[in-house]
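First, one chain by itself in structure tokens, the form predicted alone.
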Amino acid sequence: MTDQQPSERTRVSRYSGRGIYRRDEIYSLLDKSFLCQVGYTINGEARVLPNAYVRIGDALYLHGHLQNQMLNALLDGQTACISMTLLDGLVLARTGFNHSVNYRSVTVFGKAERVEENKAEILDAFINQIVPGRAPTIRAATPQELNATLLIKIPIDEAVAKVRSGPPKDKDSDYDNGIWAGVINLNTLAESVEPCPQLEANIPMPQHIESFMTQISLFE
């Protein structure tokens, strides 16, 4: 893992102080989530779709059905643009112009490669990224299931993070205008557990689920 100087497409120009280029900080943000938006093209037409991801080393991994249109399109040599955002707060200023949001985001650029080796282990990493400790407790994937799954690796060739935090930023002339301003902080929580209707009555809730439900925030 080596830091790179920002390129023309990763350099943050507006509010440049919010840009983060250190790989360790970028990777730390990527590891807090598992859901991204993937930008790609088909026949010159731009598309964006949500997808689960996991970071392993200096690459992101995506997976889907063997005939998944997006994944197969990414294997044509184009550069993918992958974005992840965590919404932390609603910033309510004294004017509509200065309203904003607090967020942590990452944008990654890279070209996809098909993965066949260690497919089962990487797919287990997907599951554990979403609910830690889950993969060892479930049935292993069959050869047929693995063969039906397309797994791609996108090396993190270029990446940038952008973060906004803190209170509203109003004009000095607006601070004494008698209008309330502040931040509504947001959080994503595990709300409740709904057991499968076909679950055998004597199967208790696993410890990893109990631990997951006690998290203060899913993306902290």
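Position 1 is the first residue in the sequence shown; the rest follow in order. Here the structure is a predicted model, which means the values were calculated and not measured.
Here the subject shifts to the form predicted in complex with another copy of the chain, a form of this protein not shown in this document.
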Q: Identify, from the list 127, 115, 120, 73, the residue with a heavy atom within 4.5 Å of another copy of the chain in the model of the complex.
A: 127
Q) Taking heavy atoms and a 4.5 Å cut-off, does residue 177 contact another copy of the chain in the model of the complex? A) yes
Q. Looking at the partner-bound form in the model of the complex, is residue 59 within 4.5 Å of another copy of the chain by any heavy atom?
A. no
Q. Can any non-hydrogen atom of residue 206 be found within 4.5 angstroms of another copy of the chain in the model of the complex?
A. yes
Q) Any of the heavy atoms of residue 29 lying within 4.5 Å of another copy of the chain in the model of the complex? A) no
Q. Heavy atom within 4.5 Å of another copy of the chain in the model of the complex: which residues of 76-98 qualify?
A. 79, 81, 83, 85, 87, 90, 92, 93, 94, 95, 96, 97
